[in-house]
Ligand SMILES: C[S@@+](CC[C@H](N)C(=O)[O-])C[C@H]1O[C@@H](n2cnc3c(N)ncnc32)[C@H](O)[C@@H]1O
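Shown here is one chain on its own, the form predicted alone, set out as structure tokens.
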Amino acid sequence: MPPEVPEAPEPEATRRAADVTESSRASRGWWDRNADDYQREHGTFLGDDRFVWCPEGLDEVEAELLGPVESLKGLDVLEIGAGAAQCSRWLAAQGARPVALDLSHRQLQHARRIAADYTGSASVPLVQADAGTLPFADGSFDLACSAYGALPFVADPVRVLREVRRVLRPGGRFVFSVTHPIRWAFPDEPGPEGLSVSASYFDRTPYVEQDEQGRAVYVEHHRTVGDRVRDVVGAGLRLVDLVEPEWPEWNTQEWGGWSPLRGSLIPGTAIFVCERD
């Protein structure tokens, strides 16, 4: 019999500094390793061509945060942190011209897998790149969007926001969703244990999972609501709305620390609607 291969040790969770390079490297590696499990676990909820903003299930069909659905036809749209490009596929079905960008090669492979079986007629270009250095000319897009993509995981969010502003045309809109900052004060648990404050909301130290050599394998950065607003304004964008979706009665699923129990009491998602002058 072949010798047993020992299981890799679980990463150590800690709070420590993580710069732009370390955060980017960790995110690429984590999503490449975990894309299969993520799509297997959440693919049904996300659908092949739905635009879901958050675990609460807020759908762009009803929310129209990018604008009225009928207004999307013919617009150039950039999706940042697109994963398997479900949102971009929905945009294409509305007549938009989306480009799906993600840091993870494996996530984009899932986008190709879904596209191969997709019955819709519109194809979506896929681009692997870092959100902090977008490989597009100035003023390439009418709209940009990001549903939990990139911004929670980058050490320099203003750099990303400035890049988004650069590639938007005047009057262009950027909408992005992130974990609601208040969640950082609570344990990331879906049950009653996730309802008691356990940390300072004002502690901006990143959450890091690291291997035995101390190398980050997962990094998530905390920004307060005020920080996010200042980031948007500091990047030259104008904040026109901040949406905190309520947990709907129909949604009975748990997604990590998101659950009907917690969602009925505290917000789980913050969606920032921004525009370029």
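Note that the structure is a prediction, hence the values are computed from the model and not measured. Start at 1 and count along the sequence shown; that's the residue number.
What follows is about the form predicted together with this ligand, which we do not show.
- Proximity to this ligand in the predicted complex holds for all of Y38, L46 and Q107, with the criterion being a heavy atom within 4.5 Å.
- Among the residues L103, V99, A111, L72, the one placing a heavy atom within 4.5 Å of this ligand in the predicted complex is L103.
- Just one of A129, A137, L195, A199 comes within 4.5 Å of this ligand in the predicted complex, counting any heavy atom, and that one is A129.
- At a distance threshold of 4.5 angstroms between non-hydrogen atoms, G83 is in contact with this ligand in the predicted complex.
- In the predicted complex, A92 stays away from this ligand, with no heavy atom inside 4.5 Å.
- Put simply, A147 is close to this ligand in the predicted complex: some heavy atom of it is within 4.5 Å.
- Not displayed here, this ligand is kept clear of W247 by more than 4.5 Å at the level of heavy atoms in the predicted complex.
- Exactly one of the stretches 64 to 72, 207 to 215, 221 to 229, 25 to 33 approaches this ligand in the predicted complex with heavy atoms within 4.5 Å, and it is 25 to 33.
- The partner is not shown here, but in the predicted complex the stretch 151 to 189 reaches within 4.5 angstroms of this ligand through a heavy atom at F153, V154.
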